[in-house]
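First, one chain by itself in structure tokens, the form predicted alone.
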């Protein structure tokens, strides 16, 4: 290990120890009785266990025991037969004390994002948060760090019985127009509670607006270092639903909770920053180049090239549910083709226009085929691996497409390399299994479990109608 690496490791250990002390003090003096250790599973569900505050100090080191089988559980709580994830074996849910937050929507409770580790303290090969850490380390080895943000939409409404005797439905809270002042007014009380709850957890709110779908809301959180961005999205998902439940309403981040309304995306934004000799970001955005017509550097174009090359497989991880593919359709602003463009909201990768007065640091890429049914650690980690492959191989993404690809002929799309994204989760999983880079990055145990879990969901939902599918997604995501 180099002197710089040793220094960085020592700083991380010191920061963790300091954070653990702070977590204990906050729990002791903040009226906290239970602390939730949260993680995201292969079904896209946020799960966890809680420790009583009296045992928090010990549990931050030892973790809480957990069966290995839970990472073979799908979103319907159907356990899949995955070698290495049966009734024998334990892992530990070990929290990251730097993520400790009291939960404003659950008085007396706090939460931490957690890793799944082996009993001897070593990383477990199926831990999703560890997968993202490994992707971040791969970036660092090339001299880069990522800042990222998830940009989620969700539907606010009521869970009501189906008048025809089918599964319960999510009935939107309003039928207001996109960005309309009526939408602001109808959701105001809920939104103010949500914003205050997010701010209390150190999630910086940047924007809010009522979106296109009935009852659809968008509250945007500021970008952060990659691991923190994924942790933020975990907390965000919990907060949206927790605030809603406390107010006696429902909120769903599912991609398509209401079949005839606009779907909920969670666009993934990312920028790369140069690392200095000490391993810390220097502040120079390596995606930025003012000489380029779109303000993007060669490294940025190569990153896009990698994402587009792996996009059919990547979609299996960023759009991780059967329900996702109701949203991914042409001319719905969700993206349906493997193209990129400048502020093109029908492109899979959008080069976002820079902010006036901040042209260099604000250059970022937006991945549009992404939603909250995905495990955020797997989605962001795979996005990094795909883009990094493009940088290493200096992959050319081709020309930007600054028109709606659905308006082009088949021949024009073929000339531009605009391939249709997978039309189903099954097709995306097949692409993932055939993608050597992403399968290698995931590793044998994680990839085996993910494919088994997701293919079981494909089979289950294929045997039922849309009402069944939407019910199970809006009640769980």
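Keep in mind that this is a model prediction, so the values were computed, not measured. Numbering follows the first chain given and starts at 1.
The protein also exists as the form predicted together with a small molecule; that form is not presented, and the subsequent description refers to it.
*Asks:* Report whether all of 231, 269 and 377 sit within 4.5 Å of the small molecule in the model of the complex, measuring from non-hydrogen atoms.
*Replies:* No, the whole trio is out of contact, none within 4.5 Å by any heavy atom.
*Asks:* Hey, in the model of the complex, is residue 96 touching the small molecule, heavy atoms inside 4.5 Å?
*Replies:* No, residue 96 sits far enough from the small molecule in the model of the complex that none of its heavy atoms falls within 4.5 Å.
*Asks:* Is residue 333 one of the residues lying within 4.5 Å of the small molecule in the model of the complex, judged by heavy atom distances?
*Replies:* Close contact exists here: in the model of the complex, residue 333 approaches the small molecule to within 4.5 Å, heavy atoms only.
*Asks:* Residue-level question: is residue 207 within 4.5 Å of the small molecule in the model of the complex, judged on heavy atoms?
*Replies:* Contact with the small molecule, no.
*Asks:* With the partner left out of view, is residue 222 within 4.5 angstroms of the small molecule in the model of the complex by any non-hydrogen atom?
*Replies:* No, residue 222 sits far enough from the small molecule in the model of the complex that none of its heavy atoms falls within 4.5 Å.
*Asks:* Select, from the options 291 to 299, 131 to 139, 210 to 218, 379 to 387, the stretch whose residues sit within 4.5 angstroms of the small molecule in the model of the complex by heavy atom distance.
*Replies:* Only one stretch qualifies here: 210 to 218.
*Asks:* Among 345, 394, 159, 188, which has at least one heavy atom within 4.5 Å of the small molecule in the model of the complex?
*Replies:* Checking each option against the small molecule in the model of the complex, the one that comes within 4.5 Å is 345.
*Asks:* Which residue, 263, 405, 183, 305, is the contact with the small molecule in the model of the complex, using a 4.5 Å heavy atom cutoff?
*Replies:* Going through each option in turn, the one that passes is 263.
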